[in-house]
Every structure is written in structure tokens, then in C-alpha cells.
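Before any questions on how it binds or moves, here is one chain, the form predicted alone, in C-alpha cells.
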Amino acid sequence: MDDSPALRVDGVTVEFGSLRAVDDVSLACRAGEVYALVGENGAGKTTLMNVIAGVVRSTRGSISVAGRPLPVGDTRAALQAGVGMVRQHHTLIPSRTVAENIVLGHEPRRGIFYDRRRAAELVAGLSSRFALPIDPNAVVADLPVGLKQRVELLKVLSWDVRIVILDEPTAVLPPDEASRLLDVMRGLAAEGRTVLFISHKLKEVVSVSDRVGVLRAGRLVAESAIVETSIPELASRMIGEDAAAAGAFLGVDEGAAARSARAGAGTPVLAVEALRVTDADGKQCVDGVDLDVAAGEITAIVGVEGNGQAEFMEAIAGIRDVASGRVSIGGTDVTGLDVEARRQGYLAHIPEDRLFNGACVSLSLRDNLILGFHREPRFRTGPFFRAEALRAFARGLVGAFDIRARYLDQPIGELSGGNIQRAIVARESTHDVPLVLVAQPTRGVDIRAMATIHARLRELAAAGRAVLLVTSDLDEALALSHRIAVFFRGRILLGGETREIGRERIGLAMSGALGT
């Protein structure tokens, strides 16, 4: 490995008004190296990477690539200098094809016209080279979240960048695809590229990276070779507590929920009967599924993304129409009720896409926290809102869930992804309803937030709620669930008590190897 720095960051500071998001950070990365950056949500990781990628202009400091100064605040200049970033939240154009998104900004042309055929060939070549299969002609809006992330990566690689920045690259991926992406990262490094990645999954950090840096409150507080550290040490450095206390935040105790008593187990809260759901093209994506969730129980649904579990949850929530079958909550048939009616007295919903379905990014944190509660008499005097009551309610949720924001009226879109997720979990888990639907609750959040969210889901079950959880994190499913169901091609291929189903059988079912 070449020891000369491919990337050098010298004294970079970023200030937003009185907030110092990045505080005098210096680091150097070599060609052929995988460098991981870890820290709590809001520690400054994404801001620092955005500075390197030209998205954010630093207040002070400098960046050089292969010894040459990098212009600040210029994404195209960064790309041309060989720096590309795959962001945590997608920046694709939904109505365009995969190929159109990937070649955007450097489109192949035939004369003055866009060469659609050559674009598809270029994408097919990239897809094959980096072992990231994708249909160049697919419309992005029709792709599941995991494939959208794959498009984002190919889009960056199409510029032949030498420095690849990945912000939570496996957050949207099931275990097999996450493992494949880690292999891709090692392959990029083996070609002499530099890979920087942000992750909250410390198992992945220690498995794939060469070096790791820890950010806390905007400062680089530790940096070491991966062979010289461990998961408990990294956790301790991230949250500023001793290693023993930090270990508790990792929050993965496989089978813990299965060993615990289930209050009211056997009393059905959710009953789904022969449910069939079709997509926009009329293709069946949920194929006659039966599922019950009892009071006091967490049932987890796992599966490779795109096997119908997302559509299944949306149908229960009322977001997606049901082709046939029945959904009952607490003995009441809710199949014909709309979203608002289901939320009024039947269910709460923590959706998979926190920005599109979970939050209104143009509204303040306070307004997002009170959505769904704002019509309650305790917050109104006649037709008028009781502003102080609303603020007190929002302040209570901010304190209880450790939501980190500068002020209550800060637009929620300005918060880190983990803090947006905390806000959605806080709001939805406060609803006094018998059923809580939860999709990918800890995707892209730090270990402290993960522990907070896991604890809240366990509290809901202990209080007699029924919790239906969809997650691509098998560790999470095994740690939280009393029962587990594996979705494959729109059906439940394997289901039962979590303690009776081994990890190996779940993995086989997720791949369809148990048969349909």
C-alpha cells in the first residue's frame, strides 16, 4: 500500500451560526485504504464528508487530493478531482431510468443528441465490473430502497473517482447485500482507490476497514489501526463512557425477547387473513398472507428487500390498497378504513422512509412531534391552538428521547438522520393505540439511539401493545422478537417462535433455499 496521502484534511472547521459542527479536524488517508469514520448522530461525520465532497463550504481549513488543493464548496470540481460521495438519503430523479440517473452530468452523445443505447451499455459495463447488478432501463421510482442505493454507488463510480465516500452504505441493505457491498469496498481499495465510509454498524467497521477515526462533538478524538482496537473500545470512545457501559449500548442480545414473558400472549390484536396486494403495474407483491400479532408481543418480519414485506406493512397502515383479504385490529375489520381513520384509534406507524412518509421536512421539529395529536382537546381552545401546551408536549418528547436540536422551531430537515428517526419514534410510540407498526427503526442511527429505540419497543410490548416489526437487520430481529416470519416472493416461507428458529434456517428461507 502506498503510504503517501491520497487525501489530506488540514484543520477543517465548519460553523453554522453559533454551532460548530466540525471543529479543527485533520486526517490523512492513503490510496488502497478503507477508512471508517464513526460517532454518534450529530457528531459531525456527514458534515465533514460533505466538505470533502464539495457539498458544504468549510469555515476554515483546507483539503488536498494527491497533493493538489481541492476547491471548496464545488461538487463538480470535487468529482473532476476524483472525489465522489454516496449520500445516506437518495438524490436520484425518480421518474428517470437507472441509466439516465447514472450518466447525469456526463451523458454520452451522438452528435447533439443523448445516446440512450450507449448509456445503457456503459451502465451494464459498470454493473458487471463492480458486481452490482442492475437493469439500466428500470425506472428509479419502481426500485426498492436497496437498489436505489446501488444506483447511487454506480453513479459515483461512473466518474472513475479515486476517493469514494459512503455515508451509511449498508443501512438500507439486507445481510447478503450488505456483505456483497463490503466486498465491493475491499475490491475498490484493492484497485488503489481510497474508501471513506460512515457507519454505526461496528461489526462492519472492524471487518472491512484498515483504520478508524472517532468523531465526538465535531472533534476527531481518536484514530487507530483497526487491528489495534475493538468494538467495546470504539463504543466507549464514541459515547464518552467506559467500555463496560458502552457495551450495553450495542443492544444485541440474541433471543432476549423470546426468553421474556409475553403479557397477554395469545390475545390477537392484529389479524391478517389471506391478504393479497398488487403494485402499480398490477403485479402481485403480497400473495395470500395470514399473520396474527398478539398483545404484548413483538413479531418481526425479515427478508431480502423487495419480497413484499414493505407492501404488506403499507397495506396494514392503509397507505396501499388491498386487492383481497382482510385486516382486523382488536376484532374490528379496518380493511376499508383510510390512513387517518386507522391512526385515530387503531395503530401507530413508524415508516421505512422517514423523510418521505415519516416527517414533513419543511415543518419544525415541534410541528412534526405534534402531528396526529393537534386535534386533541388538550391542545385546543375552540378553533385555536394552545401554543404553550403544544410546546410543553414537544419539549417532553425531546427530553424523553434525547432528540438533539438547537431549538424546537428548527426545521426537522436540518437534523441528523438519527435525530429525525428519534423524533418519529417518539411521536408514534406515544399514541395510545393497540398496534404499532415499525419498519427499519434503527436504519442509519447510532448505537445510543439504537438502544433508546430498542428499549422503547420492548416497553410498548411490556405495556400490552402488539408490535409488528419489519427489519433488514437480522441481529435486531433476533434480539427483539418473540416470533419471526420470513418473507419470500410475497409469502411467509418460514415462521414461528424466534427461540425455535435458528439463524441458519432464517438465512436459507431469506434466499428461498427452503423452497416455496
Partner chain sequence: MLDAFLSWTMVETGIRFATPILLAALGGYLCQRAGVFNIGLEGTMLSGAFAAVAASFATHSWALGILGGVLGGVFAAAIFALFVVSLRTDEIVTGLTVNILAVGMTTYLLRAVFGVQGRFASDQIVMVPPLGLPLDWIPGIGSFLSSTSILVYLALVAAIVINVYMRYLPGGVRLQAVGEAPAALAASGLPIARTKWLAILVSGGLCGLAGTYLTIGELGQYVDNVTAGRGYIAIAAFVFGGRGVGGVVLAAFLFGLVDSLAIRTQGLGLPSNLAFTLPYIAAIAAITVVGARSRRVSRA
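Positions refer to the first chain, counted from 1. All of these numbers come straight from a predicted model, not from anything done at the bench.
What comes next is about the form predicted together with its partner chain, which is not displayed.
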property: Partner proximity in the model of the complex: Glu100 to its partner chain, non-hydrogen atom cutoff 4.5 Å; result: yes
property: Contact label in the model of the complex: Arg366 to its partner chain, heavy atom within 4.5 Å; result: no
property: Close approach of Ser324 to its partner chain in the model of the complex, 4.5 Å, heavy atom; result: no
property: Any non-hydrogen atom of Lys203 within 4.5 angstroms of its partner chain in the model of the complex; result: no
property: In the model of the complex, the residue from Arg193, Lys155, Lys148, His431 that sits within 4.5 Å of its partner chain by heavy atoms; result: Lys155
property: Proximity to its partner chain in the model of the complex, single hit among Ser179, Ser224, Thr91, Thr267 (heavy atom within 4.5 Å); result: Thr91
property: Answer range among 125-133, 291-299, 73-81, 269-277 for contact with its partner chain, defined in the model of the complex as heavy atoms within 4.5 Å; result: 73-81
property: Contacts with its partner chain in the model of the complex - residues in 99-127 whose heavy atoms fall within 4.5 Å; result: Glu100, Leu104, Gly105, His106, Glu107, Arg109, Ile112, Phe113, Tyr114, Arg116
